[in-house]
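Next up is one chain by itself, shown in structure tokens, the form predicted alone.
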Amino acid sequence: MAAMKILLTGAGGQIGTDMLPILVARGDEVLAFDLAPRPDTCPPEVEWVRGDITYAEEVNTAVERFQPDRIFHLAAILSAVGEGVPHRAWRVNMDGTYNIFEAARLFDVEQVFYTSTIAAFGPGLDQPVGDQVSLRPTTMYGLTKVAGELLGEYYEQKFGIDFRGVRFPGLINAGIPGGGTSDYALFMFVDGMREGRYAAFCTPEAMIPFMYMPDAIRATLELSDAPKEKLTQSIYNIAAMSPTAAEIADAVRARIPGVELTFEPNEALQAILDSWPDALDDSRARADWGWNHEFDLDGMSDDLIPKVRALIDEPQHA
């Protein structure tokens, strides 16, 4: 694949932080767009622009100047935070997404890649949940992600933008959790390491799909690069594992001797988890563009533990 010019919104978030060095390593020219200041971990080759996707003029200025081939739209207010500030979640996730599509239309961006979520689904669906089901989310985060999917399909049909994306499971990486309802899993690793204990806000039986970040980034880039003629839809489920919270805790205990992991369910957060699928059917992704995950729970845990240890040993986390 030839090198591309990539504009990454939400570049300082959970996905963007890990994606930036991978894009640089494969030779892409990258502009990172985020409200946050440039982090120390950002590769020096990346241009960092502080901007707000809710302001169309800031988005347009960046897109017009950089002239990207593709936009990876990662910026969003996640589920747990979004329920506390639904007005802010609407503005970022809806107005911001509209601004991205408009800029892509105005300045002839070839492809917009959109990151959706299992929060797009609602309760009561047959398991595993497939791509083509009724989307009845119960959170502002999920609602806005469904609307973003539909908006992207509109821009593809109306203006010819190459729109594609994935519905991510809960994502786990070596980072500080960012406000998602799936964060209990990562907190088990992070607080289990730095505090020696963690009380999860869910029940031991809580089960949702999860994916390790290297798989998530690989899925994103593989789908973005896939020949358009092989794709039968715009948005794909992708899946890897569906452990219970108790199974995640057991994996952490096996690797951090003496860690204390308990469960103190939060009723509101547990209700969100209960509304999400237990497992996803990603057979369309596997058939259309050859998707296949590499990491299961044990493989992820073995790889993640030393990375979390290095994270909390850094001076800024001391």
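Worth saying up front: this structure is predicted, and the values here are computed from it rather than measured. Numbering starts at 1 and follows the sequence shown.
Same protein, other form: the form predicted in complex with 2-amino-3-ketobutyric acid, not shown, and the subject of what follows.
Residue-level question: is V129 within 4.5 Å of 2-amino-3-ketobutyric acid in the predicted bound form, judged on heavy atoms?
Residue-level check for V129: no, no contact with 2-amino-3-ketobutyric acid.
Touches 2-amino-3-ketobutyric acid in the predicted bound form: W276 (any heavy atom, 4.5 Å):
W276: yes, in contact with 2-amino-3-ketobutyric acid in the predicted bound form.
Partner contact for T181 in the predicted bound form: 2-amino-3-ketobutyric acid, 4.5 angstroms, heavy atom
Flag for T181 set to yes.
Residue contact check: S79 to 2-amino-3-ketobutyric acid in the predicted bound form, 4.5 Å heavy atom
It does: once 2-amino-3-ketobutyric acid is placed as it appears in the predicted bound form, S79 has a heavy atom within 4.5 Å of it.
Is every one of I118, Y141 and G170 in contact with 2-amino-3-ketobutyric acid in the predicted bound form, taking contact as a heavy atom within 4.5 Å?
So, yes: the whole triplet contacts 2-amino-3-ketobutyric acid.
One stretch from 186-194, 244-252, 110-118, 87-95 that, in the predicted bound form, holds residues within 4.5 Å of 2-amino-3-ketobutyric acid by heavy atom:
In short, 110-118.
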